[in-house]
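This document opens with one chain alone, in structure tokens, the form predicted on its own.
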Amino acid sequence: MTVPIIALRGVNKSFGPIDVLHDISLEVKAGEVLCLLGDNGAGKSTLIRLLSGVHQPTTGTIEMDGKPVSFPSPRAASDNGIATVHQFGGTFPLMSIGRSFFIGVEPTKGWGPFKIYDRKRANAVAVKAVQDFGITRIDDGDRLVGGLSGGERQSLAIARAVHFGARVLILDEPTAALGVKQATHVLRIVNEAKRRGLAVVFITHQVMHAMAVGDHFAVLIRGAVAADFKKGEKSREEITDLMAGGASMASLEAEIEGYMASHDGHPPPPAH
């Protein structure tokens, strides 16, 4: 049996009296894409922050390669090979592609106090890494990141993560703000990361995109895993209905709260 690269075992997260995540157990193996589906407020963001070291679980464990680990900081998660790519690629618009690719680990030339940034090498490595992912339009490392499309920024961030040895790739709504063509582009890169043996956690609320790349799916509703299934086990309609259940529940709760706020805290009368 293959040991998952990363797994959550019975993870709960509370902030003071508020429980945000309830008993989450999920795992992702090498070369597998886990799609985490859920509407806003389902707890997806908190889950990302747990995996990337921003928050720590209140109870439960995170395992890597079958052994319990803790990430007291994002740096600790990154050192363990966990890379998180946010919606806009987490890049710097006014930086060149080569410079943003190597931010914090810039290659240098010269020696001692005379070391300077090796722009030519940085550009060559960055362009090759991105082109290896099939992004042939990027051929000049001096281009500013701000001039790239949303899909190209995502691609750059993913290629960077893989280049620096990421084993787990967490993609936070990577296709949410993209048109059809650009989204297809990013999904192709997700498939390439999977082919290279990474464990990919793909967070989205777009069922079609999830179905295009996912091997394993989990639907999150109000901080709990409402469904956990493999590719081919549920239809698009069934998945959409599951997610809609969470959305209607959230709007129902909001309605009840609104009613109570305007009726001195009294709940709505039971329906006859």
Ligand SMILES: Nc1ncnc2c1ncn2[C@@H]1O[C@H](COP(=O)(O)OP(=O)(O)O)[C@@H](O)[C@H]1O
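Sequential numbering from 1, following the sequence displayed. Being a predicted model, the structure only gives us computed values, none of them experimental.
Although not depicted, the form predicted in complex with the ligand is the subject of the following passage.
Stretch 33-41 is the contacting one of 33-41, 227-235, 60-68, 211-219, since its residues have non-hydrogen atoms within 4.5 Å of the ligand in the predicted complex. Put simply, of Ser45, Gln206, Thr240, Gln56 only one has a heavy atom within 4.5 Å of the ligand in the predicted complex, and it is Ser45. Although the partner is absent from this view, Val20 contacts the ligand in the predicted complex, with a non-hydrogen atom inside 4.5 angstroms.
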